[in-house]
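Single chain ahead, by itself, as structure tokens, in the form predicted on its own.
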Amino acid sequence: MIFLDFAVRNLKRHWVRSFLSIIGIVIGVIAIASLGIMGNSINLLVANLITDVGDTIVITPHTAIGDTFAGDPRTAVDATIPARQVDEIRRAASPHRVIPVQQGADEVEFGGGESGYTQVIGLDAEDIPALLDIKVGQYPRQNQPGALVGTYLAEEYDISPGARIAIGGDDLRVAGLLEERGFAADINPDYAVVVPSAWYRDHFGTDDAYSMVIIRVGDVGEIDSVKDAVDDQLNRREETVDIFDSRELLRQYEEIYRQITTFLVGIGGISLLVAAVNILNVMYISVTERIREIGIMRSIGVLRREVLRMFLYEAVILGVIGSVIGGAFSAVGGYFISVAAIEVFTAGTTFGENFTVFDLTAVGFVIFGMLFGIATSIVAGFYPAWKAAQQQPIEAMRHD
């Protein structure tokens, strides 16, 4: 223990240098752990949102640039799925429910003279209850048209069931308000107006052509077989439709956030690298200042490995203190950074209200950051410690 006491004594003698080295380690550990926690939290949030529709297959028209990631804005071109192909999808997906969807946009005038361009979604009246939940009001009927308004659109314009709205000049009664649905693999009606498909076709003057087709699979285990059946039916000769399910979307976002998390942790690693250089410098200066002391110790029988151990103790002490402090701060900082990021990501929705930021992975990031900080300190302090251990007693005692 005497060599540990020597290490502590030297760190206290040069407390300013020691303090600055510890600060560098603290910053590095905080950067690694807190940023890693943030990336993991957002990844978990996206996974929770997408898996809410884990039984859904989405079929969209294939375009020349269709082989990109789901949601790529470059795929937003004027392409549709004709009614003939919808019938083929029904046959291939039987007995699972097939829901054709029409989507457009038009100017919607609300009560009080307020208006704005809003997404309009057309669904068969009997398909609406299978896809969307009512918050208040009732579902419209095919022969008695009415509109369903997304929850955030209703809040923004203070809309309630029974109110009248005008879509592109055509008057329509609000039958009900929709429950919050959030981000989904198929449609996102929170800021949209949903109408029966018959009214949609009359208003927009479209035929039986659809923006997408949704398949609700009763058994999640059958998703792959249904996708294969649809692909064989429609894409046998040429690529006419793109088929994906929420699991693919989840995998894409997991890959994106894995890369983001790696990048964020890399930033923290750079911070620790800077701290390592500082420790290397501090330790090297310490060895240079104590060459005569090392010579005296070696002359009275202290072994090289004991000198090496004494200087490594200094690096370990710096690493442990900095890593423990950094781990504590990163747990707190990671929590608040994650909460802020989730609030931005969910755009004020209720999806982030009951979301748990910390899980085993988040704790793992804290532990990883602390261990990485300690290991970095030891590696940085090894060369100066080895240099000290190699000093020849006679030459070291002559050093001025």
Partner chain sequence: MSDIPVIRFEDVSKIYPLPAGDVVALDRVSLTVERGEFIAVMGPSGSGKSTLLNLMGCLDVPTSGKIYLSGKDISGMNDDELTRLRRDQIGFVFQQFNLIPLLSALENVEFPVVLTPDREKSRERAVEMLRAMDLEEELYTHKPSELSGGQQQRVAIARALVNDPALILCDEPTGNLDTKTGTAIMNLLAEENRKGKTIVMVTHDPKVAEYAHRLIQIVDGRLV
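Between two forms, the rigid core is the largest collection of C-alphas that superpose within 1.5 Å. Please read all numbers here as calculations on a predicted model, not as lab measurements. Numbering follows the first chain given and starts at 1.
Just so it is clear, the following notes concern the form predicted in complex with the partner chain, a form of the same protein that is not shown.
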- Candidate stretches 303-311, 326-334, 217-225, 101-109 - the one whose heavy atoms come within 4.5 Å of the partner chain in the model of the complex: 303-311
- Task: Could you work out which of V195, M283, V241, M297 is the residue within 4.5 angstroms of the partner chain in the model of the complex, going by heavy atoms?
- Result: M297
- Task: Sort through R251, R164, R258, R292 and report the residue having a heavy atom within 4.5 Å of the partner chain in the model of the complex.
- Result: R292
- Query: Any chance L4 has a heavy atom within 4.5 Å of the partner chain in the model of the complex?
  - Reply: no
- Query: Three residues, D87, R90 and N188; all within 4.5 Å of the partner chain in the model of the complex via heavy atoms?
  - Reply: no
- Note on the structure: Applying a 4.5 angstroms cut-off on non-hydrogen atoms, the residues of 379-393 near the partner chain in the model of the complex are Q392, P393
- Task: Verify the C-alpha shift of G301 between this form and the one not shown: is it 2 Å or more after superposing the core?
- Result: yes
- Rigid core fitted, is the C-alpha displacement of L123 between this form and the one not shown 2 Å or more? no
- M310 C-alpha shift between this form and the one not shown of 2 Å or more, rigid core reference: yes
